[in-house]
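This document opens with one chain alone, in structure tokens, the form predicted alone.
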């Protein structure tokens, strides 16, 4: 089975472009499954089910979605193997630009949209810089010049990735994305595999449920700004 990780900022169109790519693969007889990670709630499972895609959802609740992801990704792979999928897509929650859900040896996709601003690629961390494929969405809403500038800014951040434009509404580019996903290497297991980058570090009093503000209530991994 082949494994894909898909990440990106909120509302960038991750689910929409994934659906279009899967639809193209289904027409070629590829058996695809999806695991969708989110924080508090998700309606994406219904969207995938309407497409006839087997899907599981995982909600991290009060945990960091990326930490929740890495704690469960091996079980996701086992579920996909049991179902006999040819391809398993894991879509992350994408709640912060520091997220780093990509795994060495596993095809990594980052979805980012033209409407986020030309400076956004520089603000996004490992999920863009260390991805193999960058999908740019919502190109139909901006001008050709803006699309080219945005692609150039993405290329400045990640010089080696394959950049592809996909329209999540019309499906334009979905077939090409599907072919890229199908070229992913097989992933027999994840035991001992390395993340491409470390997860965001957080173990402080607020992680443990503290709600009071002030230095007296802060402990653990606390980072302070220097105003001097």
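Computed from a predicted structure; not experimentally measured. Positions refer to the first chain, counted from 1.
Although not depicted, the form predicted together with a small molecule is the subject of the following passage.
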Exercise. Has each of 13, 93 and 141 got a heavy atom lying within 4.5 angstroms of the small molecule in the model of the complex?
Worked result: yes
Seminar exercise, completed: Of 178, 65, 58, 168, the only residue with a heavy atom within 4.5 Å of the small molecule in the model of the complex is 168
Exercise. Applying a 4.5 Å heavy atom distance criterion, does residue 137 contact the small molecule in the model of the complex?
Worked result: yes
Problem set entry | Heavy atom contact within 4.5 Å of the small molecule in the model of the complex, the stretch among 126 to 134, 101 to 109, 152 to 160, 85 to 93 | 85 to 93
